[in-house]
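In structure tokens, the next block holds one chain alone, the form predicted alone.
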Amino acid sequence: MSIQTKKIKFRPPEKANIEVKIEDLIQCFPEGVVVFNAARQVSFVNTTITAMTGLSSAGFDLSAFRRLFHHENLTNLAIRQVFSGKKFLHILEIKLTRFWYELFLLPLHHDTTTSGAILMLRDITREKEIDKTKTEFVSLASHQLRTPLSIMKWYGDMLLSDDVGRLNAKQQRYLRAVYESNQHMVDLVNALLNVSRIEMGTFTVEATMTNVPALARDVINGLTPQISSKKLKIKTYFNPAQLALSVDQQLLRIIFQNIISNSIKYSSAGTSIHITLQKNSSDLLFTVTDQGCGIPPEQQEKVFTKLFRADNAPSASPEGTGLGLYIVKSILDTVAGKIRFESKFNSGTTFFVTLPLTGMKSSPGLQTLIPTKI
């Protein structure tokens, strides 16, 4: 018995039908999509973005969108850069009522000219809620860990100071190793607490008039054991030698500690570290230059991201969490400061920090940040 098969001829759909299907497909996107022509007029709006924003397709334009989100970064300059093709992608995180969105604004190209732009809006509320839950968990766990670690540190202080009897040299050596490991854990927990307070937006800024060079010298003096162990030469250049600025002393101490201790950790033994404070016309410039291992060029863009450590960092200094520079950058973003760096692989790194001479502005919060050397 033979089975007969019937041949079916495939007929490609007409071009018009394909275009309709593409438009229907974009209408079903979970992301909101708006297409602008070269004159910045709306040529297409999908139903998702009208549902997200409450704006009708007829009344949708960039100015209405900007007013809705109260976001100054959607300025005419940013829009001009995208429409002219000078900026390939403009990304923002914006909030509307209780929802968070990620906004993408990118140019449309026809041959070699920019023919318009596409605005896409993606709902990231769930991701934000997950991040918040993780941050709250880290905060809770860090608080629970901090108490037993503090007790261990207290007992270690008592034993090492011979308050409960004299220890022999071998016992002191072992106890010193336990004490230093415990201190490293305390610094790690404090750094995690700082990260959670930064991400939850709960840290306070309390600005008072402060002698900035004196604070920098105090931080350097506190790092003397690490400096001595590597036989480093610290050269300071403070101009002027005394400068009062309205800053949060705790936050500025964290900035100084992290940058200077990083230079110490990654410097080669017997080399020099140059630390400067220079008053300019509108800001205070703080720089730290070392002769350490440097940062690989292909990884430099990740330096200020959370938990990042360059590939060559562990061999130069096994200790490190990748949280210090993330914390420093977050603080400076909050207080209108800036940070950048220049680095040559295997030749050293210079960090540049600027603070406005107007100082830091006080702002209320639930908790302060804790100085650490991580």
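Throughout, we count residues from 1 along the sequence that is shown. Everything numeric in this text was worked out from a predicted model, so none of it was measured.
One more form of this protein should be noted, the form predicted together with a small molecule, which is absent from this view; the next part is about it.
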property	result
Any non-hydrogen atom of Asn37 within 4.5 angstroms of the small molecule in the predicted bound form	no
Distance check, Thr48 to the small molecule in the predicted bound form, heavy atom within 4.5 Å	no
Leu192: touches the small molecule in the predicted bound form, heavy atom cutoff 4.5 angstroms	no
Lys265 within 4.5 Å of the small molecule in the predicted bound form, heavy atoms	yes
Proximity to the small molecule in the predicted bound form (heavy atom, within 4.5 Å), stretch among 313 to 321, 52 to 60, 24 to 32, 329 to 337	313 to 321
Heavy atom within 4.5 Å of the small molecule in the predicted bound form - the one residue of Leu105, Ile198, Val219, Val303 that qualifies	Val303
Residue among Leu277, Cys293, Leu245, Ile254 with a heavy atom within 4.5 Å of the small molecule in the predicted bound form	Cys293
